[in-house]
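What follows is a single chain, given as structure tokens, in the form predicted on its own.
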Amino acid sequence: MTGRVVQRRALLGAALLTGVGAVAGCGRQSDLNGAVGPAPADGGGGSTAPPVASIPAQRLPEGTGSGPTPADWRALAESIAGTVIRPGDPRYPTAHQLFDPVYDSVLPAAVVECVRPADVGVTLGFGQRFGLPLVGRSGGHSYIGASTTHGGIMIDVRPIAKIAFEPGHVARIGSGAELGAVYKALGAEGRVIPAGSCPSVGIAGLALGGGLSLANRAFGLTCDVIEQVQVVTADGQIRIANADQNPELFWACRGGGGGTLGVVTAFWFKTEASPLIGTFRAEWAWSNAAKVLRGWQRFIEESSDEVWADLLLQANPDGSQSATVFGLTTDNDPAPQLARLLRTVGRDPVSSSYTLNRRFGPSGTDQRTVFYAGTDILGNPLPEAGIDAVVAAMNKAAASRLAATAIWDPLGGAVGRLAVDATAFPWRKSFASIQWYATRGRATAQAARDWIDAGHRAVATWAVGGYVNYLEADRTNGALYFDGNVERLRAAKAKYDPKDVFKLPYTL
């Protein structure tokens, strides 16, 4: 896989719908280094699986033990079809940047822009020969900057971004493709996959970590519609993984996180006919926050698979607060759902509205942003004590003058129709994901971190884990993200990356 990906949800429920304006934030799942790409080693395509190919190590000189010399770097550049960008190159300052500017000070020894899977294999061999850290990079939205490395090599697969269609409504998507391009290409064919909302999030990190989206209850996770992947593993081999070939690698690539076992260079996705969607939205005064949270939980429990709705509890730098539900229904009939939501909450909103004839698509802003985030998965709806604790945590954010949002995304529906061990994503029978998301506002970075900790404490009694695409640097137990699937993921890691070439920010 290629890196750990994160995708942020657009705040205030604007999210994934074309024609629906986003208020702030960037997608639902950031991506970290998922690399997708055109397929065979020559960068071509086709549904026929390319042969497993070993990358010839003799094309590059052996390392001296003292690190690559300028001649070594030139030899690498001459051995690939892509580009090696090093400090001093005028392209370097932007080439090594991630979405979050806080990581601008992390300086790789080189950014290798790969245009074909063979480039990835050669670069992996070069890095291992000289003992350099290796990370994959696609969209670069990792919460913890996992797609960059100081003094190592960033394997940038963004040039591997071709999108093509094959028989049976299958889309072959290069791992460097961003969601904006994915939606555009699929939409031109009247098709869609369940994916995130930020246009610049990479498809790879999103899919490799599972893939939460507004289409989850209707169509499942992003990883659920993967039919096949192409992966360059640590030994430099280009492998196809599907239900029949390398099945354990295929299993791990569906929810096991990016950058775990290799660099993915292509995905084959089963697409769905793009439905017309009706959306609905309601906002309440903060005095009703507990009732809104209680009512939203019951609304989701009573909803069919066609209905999705998230809850956003928001605190603003001026100390004001709000509770908002944004939802959609794939039958394009939102008025009854809005009415049901208002009845379930039982309090008049400050505002409410609905729209017709929308389609899934990207929204949000691509503006680079410093942010702080955390994650919890709820096994079941919160009881009264949990609701009160969450409201208190949001009050803490307002008092600190943070710009902070607790984003509640429902699971269930199509997500829960698969067994918990069908893929590496373990939370199929859980109720919801919470993303604790903050920017500083008028507060300090430490205040943002303290608030995220307060959020964790508020739901600790009822939380069952976290979502790997919302990875946190100080929560490093892999079982937190993979639950009972961690042992099987560990076995796949031992098989496909026995030398631990791809370093993980958590322990398996």
Ligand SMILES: Cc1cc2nc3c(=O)[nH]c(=O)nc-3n(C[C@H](O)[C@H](O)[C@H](O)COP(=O)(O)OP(=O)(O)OC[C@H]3O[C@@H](n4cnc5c(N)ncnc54)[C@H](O)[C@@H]3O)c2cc1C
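It should be emphasised that the depicted structure is a prediction, and the values quoted were computed from it without experimental measurement. When you see a residue number, it is the position in the sequence shown, counting from 1.
The following text describes the form predicted together with the ligand, which does not appear among the structures shown.
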Contact assignment for the ligand in the model of the complex, among F371, Y354, F130, F250, heavy atom within 4.5 Å: F371
Heavy atom within 4.5 Å of the ligand in the model of the complex - the one residue of L328, V201, A404, C114 that qualifies: V201
Stretch in contact, per heavy atom within 4.5 angstroms of the ligand in the model of the complex, of 161 to 169, 411 to 419, 336 to 344, 142 to 150: 142 to 150
Heavy atom of Y470 within 4.5 Å of the ligand in the model of the complex: yes
A218: touches the ligand in the model of the complex, heavy atom cutoff 4.5 angstroms: no
Heavy atom of W308 within 4.5 Å of the ligand in the model of the complex: no
A424, heavy atom within 4.5 angstroms of the ligand in the model of the complex: no
The ligand in the model of the complex - contacting residues of 172 to 211, heavy atom within 4.5 Å: S175, G196, S197, C198, V201, G202, A204, G205, L206, L208, G211
